[in-house]
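Below, in structure tokens: the form predicted on its own, a single chain.
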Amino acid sequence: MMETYYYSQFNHAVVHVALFDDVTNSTAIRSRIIQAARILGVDGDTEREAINFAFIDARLISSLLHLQTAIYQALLSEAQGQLRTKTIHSEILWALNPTNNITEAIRRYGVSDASTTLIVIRVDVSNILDVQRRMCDIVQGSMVTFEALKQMTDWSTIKKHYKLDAEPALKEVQGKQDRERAIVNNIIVSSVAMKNVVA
């Protein structure tokens, strides 16, 4: 159920993406990420590599295109030597956030104590056969297909983060849920796609 994307234009980068539901150890994952940043020496390097993934709260992802656009933008920044964050994985979180504040991006889009759904991403230049096993070792939850994302998305929080409540296009389709969600998704995907241009 893990999906793999290949980007030949970015030094043959390979991106592995998985969606988890019913996650029960978000607090432990978050704590592990924080601790890994503090450990010095070889032990620190080993632990940072063990959790070298992007952990994203799936509730804030409006579509697979939204996620793929953020991944592409992060790969583009890395290829141009213009990462605004320390790693490609934190750059994906930065790309998802409507502002340029990385701390806010991690707080909003990263794993939180309340996260019960997670998207886990590993970017690499080669195909790592054990990535899925490593993801499952870290996340206690059920790996599901990306079809399940539709039921996880928290549209009201997404609209709040992007300040879309006063958006005229949404007022015109009030009461038509599918149409409203399609418009919100289009606005968000466009915003992520344009972020490297305006940042």
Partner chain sequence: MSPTQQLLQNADLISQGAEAKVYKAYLRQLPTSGQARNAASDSPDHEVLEPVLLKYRFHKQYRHPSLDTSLTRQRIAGESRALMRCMKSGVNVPGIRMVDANEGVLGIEWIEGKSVRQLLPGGAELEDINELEEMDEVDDTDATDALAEYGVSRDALMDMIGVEIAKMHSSDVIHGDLTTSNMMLKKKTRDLVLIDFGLAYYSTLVEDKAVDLYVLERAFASTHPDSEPLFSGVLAAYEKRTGKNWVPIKRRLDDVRLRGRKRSMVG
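Residue numbers count along the first chain shown, from 1. On a predicted model such as this, the values are computed, not experimentally measured, just so you know.
Beyond what is shown, the protein has a form predicted together with its partner chain; the following relates to that form.
Enquirer: In the model of the complex, does each of 4, 8 and 191 have a heavy atom within 4.5 Å of its partner chain?
Expert: Each of the three qualifies.
Enquirer: Considering non-hydrogen atoms and a 4.5 Å limit, does its partner chain approach residue 90 in the model of the complex?
Expert: So residue 90 does not count as contacting its partner chain.
Enquirer: Can you tell me if residue 68 lies within 4.5 angstroms of its partner chain in the model of the complex, counting non-hydrogen atoms only?
Expert: Answer yes; at least one heavy atom of residue 68 falls within 4.5 Å of its partner chain in the model of the complex.
Enquirer: Is residue 138 near its partner chain? Define near as a heavy atom within 4.5 Å, in the model of the complex.
Expert: Taking the distances in the model of the complex, the answer for residue 138 is no, it never comes within 4.5 Å of its partner chain.
Enquirer: Even though the partner isn't displayed, in the model of the complex is residue 29 close enough to its partner chain, meaning a heavy atom within 4.5 Å?
Expert: No - in the model of the complex, heavy atoms of residue 29 and its partner chain never come within 4.5 Å of each other.
Enquirer: So if I measure heavy atom distances to its partner chain in the model of the complex, which of the stretches 161-169, 44-52, 148-156, 29-37 falls within 4.5 Å?
Expert: Residues of 161-169 come within 4.5 Å of the partner.
Enquirer: Given a 4.5 Å distance limit between heavy atoms, list every residue of 65-80 close to its partner chain in the model of the complex, or none if there are none.
Expert: In sequence order, 65, 68, 69, 72, 73, 76, 79, 80 come within 4.5 Å of the partner.
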